[in-house]
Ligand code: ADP
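Let's start with one chain on its own, the form predicted alone, as structure tokens.
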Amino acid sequence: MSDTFSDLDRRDDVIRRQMAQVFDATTDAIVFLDRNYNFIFLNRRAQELLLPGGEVLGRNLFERFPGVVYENSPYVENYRRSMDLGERGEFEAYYPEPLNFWLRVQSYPTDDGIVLFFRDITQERASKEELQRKSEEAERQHAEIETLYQTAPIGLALFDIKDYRYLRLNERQAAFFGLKPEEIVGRTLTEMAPIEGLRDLFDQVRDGAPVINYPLEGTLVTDPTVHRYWTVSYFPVYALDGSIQDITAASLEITQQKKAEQALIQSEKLAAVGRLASSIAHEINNPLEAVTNLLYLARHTADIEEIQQYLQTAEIELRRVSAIASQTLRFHKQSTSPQAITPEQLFESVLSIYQGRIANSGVRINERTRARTPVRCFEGEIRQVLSNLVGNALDAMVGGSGRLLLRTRLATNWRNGEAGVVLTVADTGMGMSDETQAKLFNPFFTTKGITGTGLGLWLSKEMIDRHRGVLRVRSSQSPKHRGSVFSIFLPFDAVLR
């Protein structure tokens, strides 16, 4: 009999060892508690997870884990229901310092107590919390995007690529038609906007080429009597496999801006007529003033040859007036007959006009000619420019004394390597401030008060630009170097027709 009991004990011991090996092999922590909540078994994982470095067999659960875990805790109720009522329990619990982890606990009643299964779910909960955070962030971003989509100050829409039907659109896009978004969804692009070439643009986007800031104009089906304008951008929407699945559209209506622009253009046309009239009056005034001076000189000389020369020059100036009138009738188009003339000849013709004024003002003329190669240009225009510059120089030397310096020299425009001449008109007048120089070539800017039109230098620059030349100015109000210097670069072939 004793041998039989001995065999049973050995067999039970083997079973216990085998069960212990099985328990130690699991990833869950397994704990057996007796009826007094004393530890009677812990597998290896339980020892590592819950009670590292300590011997706890025979010790009480609530002594080992005091009130910081179990005091007033709902976890205790789960243990007691398993222990006293024989019910299976399951809950998740956070174990603070020194453990700092979450466990999923399952409690099972036994004849001698309860068995507890602990599973570390700290990482699982962290993943869930991160997933929840990301989900909430995604929802927040989606709400923000949806709010932006619906409240954007431009029309936004999404189309399919088969028939170009509206899949969705915001309120601003629907407002183009005077409808609600739900009244437009499902209708095709050309059904709503029968605009020539619009479908071709969508075909282009369907083939992968976006349309950016395209000026679109036409009428809509809901208001076909009003011509409207938009700036539109269309982009392909790609699927994960790289294929184009939809087309997104952004449209900004600029009808009111376009109408304002057209009104401004019309206003500018009227203003241009006024400027043209002022320009013509200014251009005619100089040759007429020259004729007056020449007639005065002719009356006060007895030399027949000199009189003939004055009258001949006066005739040239009157021809200039006639040419201006002809240009006006042709909307100020330029002549197609340029002439070759030397810089010296250009200055001589201008000085002959101002001879009387120069003589009366006491201004000394200082000429230096280093360039005698002819320039092919519109003589009348270049002479008009030089006349403006000389007249302004004389005006700047009010009060008598002063020097008028006229220079010519060969030069090269280093921007393009083109050879030509430089004509310089300089004075020892009052000079100009930096602010005045910055505005000098603006139309209607003048420092002469009611006696100036503000068109002379503006017109002069226009004429030089048409000759592919350059008009520059430098000026100083310093007492030692006071005065202004205007230089004109003209290429030898200033006019190429």
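For every residue, the number given is its place in the sequence shown, counted from 1. Because the structure is predicted, anything quoted here is derived from the model rather than measured.
The protein also exists as the form predicted in complex with ligand ADP; that form is not presented, and the subsequent description refers to it.
Taken together, N392, A396 and G456 are fully in contact with ligand ADP in the predicted bound form: each brings a heavy atom within 4.5 Å. This chain is drawn without ligand ADP; in the predicted bound form, the residue among L49, L42, M463, L440 with a heavy atom within 4.5 Å of it is L440.
The contact residue chosen from M432, L471, A29, L33 relative to ligand ADP in the predicted bound form is M432, the criterion being a non-hydrogen atom within 4.5 angstroms.
In the predicted bound form, ligand ADP sits within 4.5 Å of a heavy atom belonging to D427. Although the partner is absent here, N286 is not a contact residue: none of its heavy atoms lies within 4.5 angstroms of ligand ADP in the predicted bound form.
Contact annotation for T436: at least one heavy atom lies within 4.5 Å of ligand ADP in the predicted bound form. Interface residue remark: N60 is not counted as part of the site for ligand ADP in the predicted bound form, having no heavy atom within 4.5 Å. Applying a 4.5 Å heavy atom cutoff to ligand ADP in the predicted bound form picks out no residue from 133-149.
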